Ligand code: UD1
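Single chain ahead, written as structure tokens, the form predicted on its own.
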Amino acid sequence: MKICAIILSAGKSKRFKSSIPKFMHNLSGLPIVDYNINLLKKIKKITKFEIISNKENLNYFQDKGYSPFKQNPVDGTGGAVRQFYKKNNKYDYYLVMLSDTPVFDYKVISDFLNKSVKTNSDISVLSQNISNPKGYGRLILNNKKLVRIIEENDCDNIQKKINLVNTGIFMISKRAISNINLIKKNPNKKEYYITDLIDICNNKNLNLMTIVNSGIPIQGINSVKELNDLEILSQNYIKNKIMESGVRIYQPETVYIENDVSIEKGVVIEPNVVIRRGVKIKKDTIVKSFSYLEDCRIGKNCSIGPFARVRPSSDLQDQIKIGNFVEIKKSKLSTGVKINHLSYIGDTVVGKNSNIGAGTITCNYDGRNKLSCLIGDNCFIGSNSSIIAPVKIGSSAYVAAGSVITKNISKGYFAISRPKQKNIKNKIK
């Protein structure tokens, strides 16, 4: 059995009022369209998947390695499927999804696909009951059989009260989609609606059904307000999955966690923390309030923050302590390192059990190039020191507070670099 999945992405997002199409906007760290792209890649039964785009958006998908089908003219969802089917008519089923309606859990679509095939449905519509159906197409049933979908603008006052709505996700058999040319342009929008295929196939006594989504709600977006609502839904899904795995999140409504993070059981996340894509946190670490992590690795039994920032390509091994107002950038901190407060460490390797005093910075940029520092094991760097890259500080070295280090320090040596103190009597009365 051959199944072709289609993501409709040729709309012009006029209602969204943005300089870029709505499906390109980020949702918990991913472009909205990527949710459905990634989802379809997980479903092994799908033979092929295709993105239908307009000419303005072709470059976006081509830059991501896809070869989208160009809809021309852009004449609605029905027009998109009709144009595609004309050149791709060899499949047994067509799964239709939307680029601006992300599905977070791939199992929802996998189950929908399986039920549709198992029941020999000609058209299956994934629907859901919502309390405020405004903006959605309403499903019309007759003795529990699907007979029609009516778009919001075409609903009368009674139909607008129907709470069973269309998610925009369809499974269409070859027998049903062969009637796609019978769809007529909607007189109000001057477009072809894929939903009109339901009425056509009902009149031909084909097997139509709806499968009601009972999982996470599926929401499309037409405004920034709706995007914010969808962000809340996405965040709840991500954080609930993380908490189910054994992670404690205090006041999760204040915490922001993006997709593609790995957080092991036993981790504690305090309020007002941001964890962006690519972050990996090993077990029994605590991330304290107002810390900001992005594309970094944090080992076991670490303490991060409060008010800490760990930037991309940083690797913090086990039993690290990063305190308040500490920033780590593209650095490796070995097991047992302590940087308790008010420090910046960039492009640096710090050895095991070294202590970096308050106010210490590595000066890693000379105005043209980023340069690296190496600090050995068991070093003590006194407070308010500046380490001018590139320098190497040997293991067990000691740097006096307030020093400016411009030269290498050998293993076990003590370094001090500060002006000679003068005490002058104050003559001002």
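Note that this is a predicted model, so its numbers are computed, not measured. Start at 1 with the first residue shown and count on from there.
Same protein, other form: the form predicted together with this ligand, not shown, and the subject of what follows.
- Not displayed here, this ligand is kept clear of I405 by more than 4.5 Å at the level of heavy atoms in the predicted bound form.
- Residue contact check for G168: one or more of its heavy atoms lie within 4.5 Å of this ligand in the predicted bound form.
- In the predicted bound form, L98 approaches this ligand with a heavy atom inside 4.5 Å.
- Using a 4.5 angstroms threshold between heavy atoms, S121 stays clear of this ligand in the predicted bound form.
- In summary, the region of this chain contacting this ligand in the predicted bound form, judged by heavy atoms within 4.5 Å and restricted to 324-332, 173-181, 218-226, 110-118, corresponds to 218-226.
- Taken together, A10, K22 and G137 are fully in contact with this ligand in the predicted bound form: each brings a heavy atom within 4.5 Å.
- Comment: this ligand is not present in this chain, but in the predicted bound form one of S314, Q71, T285, S354 has a heavy atom within 4.5 Å of it, namely Q71.
- Interface residue among I257, L230, A80, A308, judged by heavy atoms within 4.5 Å of this ligand in the predicted bound form: A80.
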